[in-house]
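Have a look below at one chain only, the form predicted on its own, in structure tokens format.
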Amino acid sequence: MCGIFGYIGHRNASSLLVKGLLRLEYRGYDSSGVVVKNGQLQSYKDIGKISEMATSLPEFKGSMGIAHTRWATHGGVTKENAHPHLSNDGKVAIVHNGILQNSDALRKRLKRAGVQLNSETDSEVFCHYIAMALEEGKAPLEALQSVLSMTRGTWGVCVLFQEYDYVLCARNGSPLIIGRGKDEMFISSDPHAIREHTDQLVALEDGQIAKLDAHNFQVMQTDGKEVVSHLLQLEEEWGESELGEYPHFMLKEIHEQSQSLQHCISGRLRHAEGTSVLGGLQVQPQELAQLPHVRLIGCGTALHAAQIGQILIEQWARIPAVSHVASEFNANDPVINPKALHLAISQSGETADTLSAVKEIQRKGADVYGVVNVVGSSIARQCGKGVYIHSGPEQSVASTKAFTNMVGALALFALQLGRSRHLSKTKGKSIIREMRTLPEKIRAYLEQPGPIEQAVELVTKAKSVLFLGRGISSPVASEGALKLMEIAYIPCLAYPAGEMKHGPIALIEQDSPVVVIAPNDGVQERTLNAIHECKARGAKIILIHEEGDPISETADVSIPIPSTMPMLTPLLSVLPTQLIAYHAALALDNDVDRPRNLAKSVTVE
């Protein structure tokens, strides 16, 4: 959650800070603010979107500053709770991402010391304690170290000083990236906000502090011991985040799925051997053949991809697989088999719940492999090996192309695992042939998506929407329901089709919309039973099915998709659900790319 951007150099800081925040807005948009050094620390902040704050931002002159866009945790959405926070003497400014677990005790100590607190946030304590340490004669680095020694929790924090021409940064559980340009330095929560300025990027690790001026930076442990940093290798496309001809990032990213899936599978398929190669896994076929089981861990959209991956692995590799809700994983004190293979799935690579699960698995002696999008992210570095999904930057909070590429990457893994065990070369070749056709099938469908508006008319009038699927389509139903809830704010329930009669059928009234994902996958006949049960109670069926399938006759709204092999249908059947959610949000006049209460990267537990 929350986004941090900083700049030190020779250009006007204010405009660069705003531009950086706009690139990070998906991290939070309850409020935002900047502080620029120009003899003194000049600060401005406000509630609402960054673009709104920017229109009233004074013309601060100065070439050094830090900025923040907030997703509220401690304290409501008010101007006082917005970042940056300044010490009462105006000499120290901070921006912070994370949660301080002992902030109540720290705030009470400040009050007893006579310090005036100006917000409800946990973050504010940083600037006051640092200012107090400076008054005691400590140098800025020593002051920050002393404050970090008394705090408990997570932080990505940047500190700007009135009397010093450098910025201090510290990380513990919340990402911070440093970028080095020519006589200028950048700081960001995510690498893509810096990539347009420089390809010299370094990620701070937990327990590290960085000191930056316009010409160089120094990274050290909290105790001051200097460490060697390694550059991130980030593709040039991560500097590109423009809308182009599209009205919203979500629609742009839906239409990018053909290209992004092509990037995901390109160079990884070996038709002659009927297999795939994911070099980042660093696992030999002999090791794959000995695995007792596979565990997949994720949250939200990543969890739905994990559930599809679970089915793919069991179908193609004939090995037990199970998917886990990352936020519940540690709470359940899981039994870890060090011989098993674990996959941590996260678009951002910064999801706090998933990262916590990774550390717990490693603590218990097992390896974890990341399935992530952002190069050099926390999960990627913590795992040290895994698969990049190569979907490129995703600006809309509601994930679309990252889901497709997560599923694509997991299909590649299932194929590689299957070929190391019992999957025949002939079957492997047929999977490869079909996977290679999918990017074009995605493009073809999006050119003629069917009667999406008819479906939108039904769901936008409804009190709630039921999504149904069976087998590998059940997680697709869950993903479709999540998208509609995220951006259209319509209550949705997703269920395996066979479970519908065990409770959710009670929700069905006359004209209740039911979205059914029913490809011709071998379990369709049983899904048809659920359709008839819904229709008998007055439901309107929005049916996603393969082209030419007679099942379309049961639908009130029939949305055909191209045909493919059963286990790959999620890569196509998810597309109409994304479009329904997008157009429903538009019809309800919602902010498609920045839905209320949400953030793209959930970096707090």
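Residue indices: 1-based, along the sequence shown. Just so it is clear, the model here is predicted, and its values are computed rather than measured.
The form predicted together with a small molecule is left out here; the points below concern that form.
Enquirer: Does the small molecule, in the predicted complex, lie within 4.5 angstroms of each residue among C2, H83 and S119, using heavy atoms as the measure?
Expert: No residue of the spot touches the small molecule in the predicted complex.
Enquirer: Can you say which of 333-341, 169-177, 414-422, 399-407 gets within 4.5 Å of the small molecule in the predicted complex, counting heavy atoms only?
Expert: It is the stretch 399-407.
Enquirer: Please run the contact check for K483 against the small molecule in the predicted complex: heavy atoms, 4.5 angstroms, yes or no?
Expert: Result yes; K483 sits at the interface with the small molecule in the predicted complex.
Enquirer: So in the predicted complex, does any heavy atom of V602 sit within 4.5 Å of the small molecule?
Expert: Yes, V602 is a contact residue.
Enquirer: Can T301 be called a contact residue for the small molecule in the predicted complex at 4.5 Å between heavy atoms?
Expert: T301: yes, in contact with the small molecule in the predicted complex.
Enquirer: In the predicted complex, is there a heavy atom of the small molecule that lies within 4.5 Å of any heavy atom of S473, even though the partner is absent here?
Expert: Flag for S473 set to no.
Enquirer: Which pick from Q257, S123, S377, Q347 sits with a heavy atom within 4.5 Å of the small molecule in the predicted complex?
Expert: Of the listed residues, the single hit is Q347.
Enquirer: Can you pick the one in S391, T351, S188, N97 that has a heavy atom within 4.5 Å of the small molecule in the predicted complex?
Expert: Contact with the small molecule in the predicted complex is made by T351 alone.
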